[in-house]
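Next up is one chain by itself, shown in structure tokens, the form predicted on its own.
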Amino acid sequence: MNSPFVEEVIAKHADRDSIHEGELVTARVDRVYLQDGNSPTISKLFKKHGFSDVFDQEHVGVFFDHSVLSPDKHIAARLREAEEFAESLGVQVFRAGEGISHVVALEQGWYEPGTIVIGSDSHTCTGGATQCLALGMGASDCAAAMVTGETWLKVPGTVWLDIKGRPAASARARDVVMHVLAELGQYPFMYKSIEWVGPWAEDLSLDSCASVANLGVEMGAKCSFLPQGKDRPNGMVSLHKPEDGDPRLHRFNIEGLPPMISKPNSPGNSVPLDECAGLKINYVFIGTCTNGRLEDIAEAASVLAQGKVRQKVHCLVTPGSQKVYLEALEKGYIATLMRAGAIISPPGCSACLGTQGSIPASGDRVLSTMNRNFLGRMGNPEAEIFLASPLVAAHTAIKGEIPNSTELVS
């Protein structure tokens, strides 16, 4: 078989004919981007080491997405510091309200197939939707990449997921990821590159591919790659799986797979939706870099066109980018959601991180479309967070409780 895709990408950027799992390699990077939450830390590293320039101003960006609406004077001050840092470097700046870094990067074509992109956020792995080796890294590694245009990598091993069959009509791409994680846990994927192969992955929309790649870090992976398929950019290649019997190959038949739901306090604590049906929910949040794209907003609007948000349910919808917001406005999705009783917040990370509103109340049960439900994730460790698709979330907002799978029509 051909070399694992991740090895081909790294070898090319290291000017090597080939590399192997476990090697430490220095490789060129194509882009680096930061987010407002940690760019002040990177600014301090620049000052400490006397750095003043980046390797390419057009290929470095700073996004203001984690704190679009400053909740207090301390975060407001950090945002000003981040703005001054970005201005001093002359790099691209995406202002608050333009959207989540990973959503915008995909829209902008930053995740080019076969390139290496470094981001200061763990969900940079979203770039694997278009076969970009997109890696979330810490402040020191990001600072070094910004200055030198290079990074160091330990070459990850590769795991293949061969997915056959069709899930239930009410199951979505994220449900398949959560099913795999529930079945295998993180251990097989720790610091691995995942290659998704098979007809299911080939038929996904680009928005759904982004959801799958985004959840790679929840699986424990270093990166995650989707195959060629419909509405995907030129330059993507076929992914080749190993021979039968290779322990790195995992096969799943997802025929009839029901929608899944992750119970507190881990994405891997996932079960079929019906096991949680009937649980009262106080807060529904639809958005984030996992499910804040147009496909997701459209599905939520389709459901909420059929009913109102239930009294005593706080329903927040956050488009992932300004482009998504504007398209949703043009198509009438935003009006539908608002008339149903949802609150629409500016594009960005919104409630996901818990550093700005809306914070759940103590004792609340939250149903969210985000990627993580760790204890305290949304800013209150005394709230419970469940994770599911926008389809499930929208039905939950109407019912005020988690629906069963037979109720999921859109």
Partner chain sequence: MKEILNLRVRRIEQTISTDDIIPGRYKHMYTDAKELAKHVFENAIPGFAVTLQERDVICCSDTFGIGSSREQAVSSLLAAGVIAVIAPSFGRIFFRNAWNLGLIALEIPSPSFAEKETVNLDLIKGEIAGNSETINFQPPPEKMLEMVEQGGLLAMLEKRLATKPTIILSN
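Residue numbers count along the first chain shown, from 1. Computed from a prediction, not measured in an experiment: that's the story for all the values here.
What follows is about the form predicted in complex with the partner chain, which we do not show.
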Pick from A139, L184, V271, M338: which residue has any heavy atom within 4.5 angstroms of the partner chain in the model of the complex?
A139
Residue stretch of 303-311, 318-326, 151-159, 195-203 approaching the partner chain in the model of the complex, non-hydrogen atom distance within 4.5 Å
151-159
Does the partner chain get within 4.5 angstroms of any non-hydrogen atom of Q108 in the model of the complex?
no
Does at least one non-hydrogen atom of P360 fall within 4.5 angstroms of the partner chain in the model of the complex?
no
Against the partner chain in the model of the complex, would K230 count as a contact residue? Criterion: heavy atoms within 4.5 Å.
no
Since only the chain is shown here, I'm wondering whether S122 would be in contact with the partner chain in the model of the complex (any heavy atom pair within 4.5 Å).
yes
Residues of 344-380 having any heavy atom within 4.5 Å of the partner chain in the model of the complex, listed in sequence order:
L353, G354, T355, I359, R372, F374, L375, G376, R377
